[in-house]
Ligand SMILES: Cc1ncc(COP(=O)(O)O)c(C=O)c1O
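For reference, the chain that follows is the form predicted alone, supplied as structure tokens.
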């Protein structure tokens, strides 16, 4: 396609966009289980207002747009407070979990060089850790060492103890991990790191804005945040269960002293001092404004209400899945993620039927599974989902094993 020689009317362009958008997944109907986290029309309307107010600004220069600088600092402060940081905590906003993870790994690598003389840095993370850690290792020149999982699908601490070395720059645990919704043994992994003065990172990109509220609602949540000795940094995505529009995450530091290793400063050019706490230079202002806006709009009461809806929907769906004899849930997830499969039927064929019925379940391997990340709006469709799932299983109920193409 070439740039058109003549422009079109706004109406014509919008019509074409709507035509294409009609082919996209129906997240507003709560038919998706990742990528978008629907919390209802009231939240959507608020987000439109917050985004539109800062549609054009650039968050690169805090001196030109001090309101953005203030909002970013307050988003970070509210997030670190949720994660039980104290007055020494610090951090920055990024474009998402991957960038927060990149900055955590960059911080750990540079800190290991400066404080421990590490020359061949290693990144030690569970097999179930998000691929962003593998990406960070590749981009930043660390050896990626994987911790195997124990039978409960959490990181195997004894295996981690054997893999950690003097060159380990960072140890990672997930709260929860994306594939199975399991929270790694964060206290034990962080203790292994602390014994050697190694940076420990909790990846709470998924759980950072869900687990604190589930705990307040009385659910038993394993320790994962700054209350755990040895946890150095935490990533938490505001654009997941913080219900912000895309492009908003936080990288939080237990102590501002480690944040210096995240900072990039440069003055060896004619343009003056250039500084950045994240990978991007120019940054869209709207995600910062939307994050600040939605956190103030919802407040603790709003987040508790939405967390209650999401966990109730997740528990209802899990109970319905467990009631289908051919299906089983992998692990024992404590929050809103669930992966389920089968020992007797082709779970991917079941997923295909669910696709035909308008549902969008992610596929996983090792073990083969259909994956769900439940949002508050799924409470409206839980009964229909389970009805369609029972029908899909009945349609493919013959014992055929797991499809070879996904094994």
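Positions refer to the first chain, counted from 1. On a predicted model such as this, the values are computed, not experimentally measured, just so you know.
Below, we turn to the form predicted together with the ligand, even though it does not appear here.
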query	finding
Among the candidates 244, 211, 205, 169, the residue which, in the model of the complex, approaches the ligand to within 4.5 Å (heavy atoms)	205
Among the candidates 309, 109, 318, 239, the residue which, in the model of the complex, approaches the ligand to within 4.5 Å (heavy atoms)	239
Heavy atom of residue 283 within 4.5 Å of the ligand in the model of the complex	no
Proximity of residue 126 to the ligand in the model of the complex, heavy atoms at 4.5 Å	no
Residue 287: touches the ligand in the model of the complex, heavy atom cutoff 4.5 angstroms	no
Touches the ligand in the model of the complex: residue 178 (any heavy atom, 4.5 Å)	yes
Location of the ligand contact in the model of the complex, chosen stretch of 323 to 331, 78 to 86, 191 to 199, 98 to 106 [non-hydrogen atom, 4.5 Å]	98 to 106
